[in-house]
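Shown below, as structure tokens, is a lone chain in the form predicted alone; questions about how it binds or moves come after it.
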Amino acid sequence: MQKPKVGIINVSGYVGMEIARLLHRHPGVELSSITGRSAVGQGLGQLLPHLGDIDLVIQPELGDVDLVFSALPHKSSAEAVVAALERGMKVVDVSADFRLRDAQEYQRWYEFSHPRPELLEMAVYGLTELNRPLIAPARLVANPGCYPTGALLALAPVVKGGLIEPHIVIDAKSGVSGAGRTLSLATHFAEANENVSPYALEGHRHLPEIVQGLSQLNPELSFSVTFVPHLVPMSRGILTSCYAQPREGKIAMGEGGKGELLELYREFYRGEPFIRVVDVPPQTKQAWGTNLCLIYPTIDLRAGRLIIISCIDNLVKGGAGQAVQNMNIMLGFDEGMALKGAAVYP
């Protein structure tokens, strides 16, 4: 039986590279076409020597494939996705261009008018653990952002269960690769090394995506979210700390309540191949290179507040790994195919 052919638009970006790495060991598909705006004409092995046994040349245009990953920046990706859909391809879009339902939000947060707003309703939000039934038949999957992945997976059980008040604080710390390969002063070694810096305090682009996801989990609540991202001097990883007030009478405020909360999370995510509800606060290195999301829910008994910690690798579960997970579902493969490696630790 012939393997489905897949392609990557913009293999020269960090997420595009990571998709290529994961597909390199995927037994069910053939990576047959790659593009990269800054590396046209190079063999993949020239750009990525660790993938040198993939005999592909980076082309200016995408060939004929069954499914394509678009790893272009926002706005540019929308145009490429529309072209791929018109050619009959299935698409996993790793940019933000089809994540939001309200087209006007793109002008506010991404400073462009969406070229095909009618496709926003067609796109399935690819947070796999929460939207799995919709992903299988989809032609277009909008891969979630890295920050929303960590935050929404951390909060989903208590939000869906109506266990917390809608005023939520999310503090997230990300490695430098989350900023992409485009050069900027903030990501230069001398600026980022031995330094931790908050940014986008007036509102990060991932904030409307987080609020949208929370509202879909529980439409009865009107959410007010404070989201503060930080840049930390490491290559990969996101550690997300979520703080929420429990609704009165919903969660026991004692040591027994901690155990009940932990069991609630384990039951909610029972059978999920890439969610680990852990007994101690997780660390980013424990998810390094994997498609795992590690989650630790607890209660600050002194303050009467829930604290939920999550850790992901921003380039895998927060990007390429989740994209391949969605591809597997769309093409009828085992969801974890090519994604089950252990973390590189320490």
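Residue numbers here begin at 1 and follow the sequence given. This one's a predicted model, so the numbers in the text were calculated from it and none came from an experiment.
Keep in mind that the form predicted in complex with a further copy of the same chain is missing from the display, and what follows is about it.
The stretch from 150 to 158, 81 to 89, 202 to 210, 132 to 140 that comes within 4.5 Å of a further copy of the same chain in the predicted complex, counting heavy atoms only, is 202 to 210. Checking Leu67, Leu56, Leu51, Ala39 against a further copy of the same chain in the predicted complex, a heavy atom within 4.5 Å turns up for just one residue: Leu51.
Among the residues His74, Lys173, Arg116, Arg247, the one placing a heavy atom within 4.5 Å of a further copy of the same chain in the predicted complex is Lys173. At a distance threshold of 4.5 angstroms between non-hydrogen atoms, Arg276 is in contact with a further copy of the same chain in the predicted complex.
Among residues of the shown chain, Ser33 is not one whose heavy atoms approach a further copy of the same chain to within 4.5 Å in the predicted complex. a further copy of the same chain is not shown here, and in the predicted complex it never comes within 4.5 Å of any heavy atom of Arg99. Contact between Ser215 and a further copy of the same chain in the predicted complex is not found at the 4.5 Å heavy atom cutoff. Contacts with a further copy of the same chain in the predicted complex, taken as any heavy atom within 4.5 Å, map within 171 to 185 to Asp171, Lys173, Val176, Ser177, Gly180, Arg181, Thr182, Leu183, Ser184, Leu185.
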